[in-house]
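Each of two forms of one protein chain follows alone as C-alpha cells, named structure 1 and structure 2.
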Structure 1
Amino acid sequence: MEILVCVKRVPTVGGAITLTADGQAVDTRMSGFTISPHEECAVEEAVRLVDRHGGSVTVVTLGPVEAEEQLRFCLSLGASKAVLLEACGAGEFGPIATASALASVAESGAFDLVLLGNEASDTGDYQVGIRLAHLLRQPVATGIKALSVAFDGVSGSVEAVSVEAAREYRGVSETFQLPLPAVVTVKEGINLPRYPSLPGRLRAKRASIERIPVQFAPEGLRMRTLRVPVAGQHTATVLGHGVDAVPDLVRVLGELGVLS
C-alpha cells in the first residue's frame, strides 16, 4: 500500500495559553511546536498498515522551513518519505488553500489511501480532509476510530481494494466501506502511537526532505484576532488549624451530604 499522511505544525500547549502582542498567534517562545495528537495517530496507523501489508508511508506538511522538524519526527516513527510544501508569502493558509496544496502532492503519486487527523489542534476547523477528498474526487470518512483494509486477487497479484472505517457517533457505532483510493480522517484513540527509536531518530536526521514552494493564496475568510477564553477562578478556604478546625470540618461535610 502507498499511504500519504498529511500533518500540520501546531504550537505545543501544555499549560496556560498566551498570545502574541498583536493577538494574531499563540506565543510559542516558551513552548515550541509539534503535530496534533490526531495526526500522530494517523502516522502510527499508516506505519502499522504498511508493516502489516507492505508498501510505504509519505508524510506531507504545509508550513515554514522550520516544519522540517515535525516531518523528521514522523520519519523517526517509520514514515519512508517526507515532503515540505514550503509556504511563501505572509499570512496563514486557510482550509481551501491548504487542501489545494495538499491535493497537488496527492495527485502526483499513486496513493491508495490518504490519512489526516480529524482536525488540527490549533484551528480545529474540521475542513481540510473533506475539502481534499472533494478535490481528489475520492470518498471520505471522518472521525474514524478503527481502520482495516480489504484485499482482492487480480491477475495473480493481491491488491488493496477497499477500507473499512468505523467510528462512534452519539453512542452509536457506524462502519463505512470505502473503495480505494480514499481519504480518511482519524481521531486520537485509534491507536497508541509509538515512541521514536534511536535508529529511527538517526535515520530521520540523515533523510532528505523534498521541498516544494507554495505561494500564499488569500481566502474570503480572514482571522481578525485571537482571544483566550476567561478561565474560571478556583479558590481555597482554610477552615482552621488542628482540633479548632473540627467543628467547621463537620459542618462542611454535612453540607456536602457526606455525613447524612
Structure 2
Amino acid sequence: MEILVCVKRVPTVGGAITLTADGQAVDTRMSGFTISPHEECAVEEAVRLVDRHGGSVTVVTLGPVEAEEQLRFCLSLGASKAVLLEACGAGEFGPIATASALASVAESGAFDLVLLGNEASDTGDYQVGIRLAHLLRQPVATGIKALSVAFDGVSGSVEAVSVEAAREYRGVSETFQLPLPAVVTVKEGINLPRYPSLPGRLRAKRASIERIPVQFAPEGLRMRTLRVPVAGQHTATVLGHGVDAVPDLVRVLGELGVLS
C-alpha cells in the first residue's frame, strides 16, 4: 500500500498559551514545535499498515522551512519519504489553500490512502481532509478510531481494495466502507504511537526532503486577532478535608439538583 500522511507544525502548548504582542500568533519564544496527537496517530497507523501489508509511507506538510523538523520526526517513526510544501509569503494558510496544495502532492503519486488528523491543534478548522477528498474525487471518512484494509487476491497480485473505518458518535458506533483510493482523518485513540528508535532517528537525519514552494493566497475567512479568553473571576468554595467533608458534599450535590 502507498500511503500519504499530512501533518502540520504547531507550537507545543504547556501550562498556558501566551500570544505575541500584536495578537497575531502564539508566542513560541519559550516553546518548541510539534504535530498534533491525531496526526501522530495517523503516522503510526500508516506505518503499521505498511509493516503488515507492504508498501511505503510518505509524509507531507505545508509550512515554513523549519517544518522539516516535524517531517524528520515522522521519518524517524517509519515514514520513508517526505515532502515540504514551503509556504511563501506572509499570512496564515487557510483550509482551502492548504487542501489545494496537499492535493497537488496527493495527485503526483499513486496513493491508495491519504491519512490526516481530524482537526489541527492550532486552527481547529475540521475540514482539510474533506476538502482534499473532494479535490481528489475520493470518498472520505473523518474522526476515525479503527481502520482495517480489505484485499482482493483474485487478480494474482494482492491489491488493497477497500477500508473499513469506524468511530463512535453519541453512543452509536458508525462504520463506513470506503473503496480505495480514499481519504481518512483519524483521532487519537486509534492506536498508541511508538517513540522514535535510534536507527530511525539516524535514518531520518540523513534523509533528503523534497521541497516545493507554494504562494500564499487569502481566503474568505480572515483572522483579525487572537485572544486568550478571560476566565470569570472565580474562587472555589472549599468543602473541607477528607471524609469529614462528605456530608457537605452530599448537600452541595443536592443543591446542584443532581440527586433524584
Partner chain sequence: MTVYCLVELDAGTVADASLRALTMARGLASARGADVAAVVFGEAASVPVAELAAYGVMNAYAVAVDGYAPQAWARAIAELPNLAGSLGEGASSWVKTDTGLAVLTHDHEGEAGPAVLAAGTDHGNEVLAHVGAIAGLPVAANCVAAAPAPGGGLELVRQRWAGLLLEDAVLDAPVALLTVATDAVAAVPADSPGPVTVHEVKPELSAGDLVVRAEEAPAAAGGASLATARVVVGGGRGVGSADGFAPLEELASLLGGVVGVSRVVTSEGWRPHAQQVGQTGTKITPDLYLACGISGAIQHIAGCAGARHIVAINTDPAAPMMARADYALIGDLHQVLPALIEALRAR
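Here the rigid core means the biggest group of C-alpha atoms that line up within 1.5 Å when the two forms are laid on top of each other. Structure 1 provides the reference sequence; residues are numbered from 1 along it. It should be emphasised that the depicted structure is a prediction, and the values quoted were computed from it without experimental measurement.
Structure 2, rather than structure 1, originates from the form predicted in complex with the partner chain. With the core held fixed between structures 1 and 2, G23 has its Cα displaced by under 2 Å.
Core-superposed comparison between structures 1 and 2: D244 shows a Cα shift of 15.5 Å.
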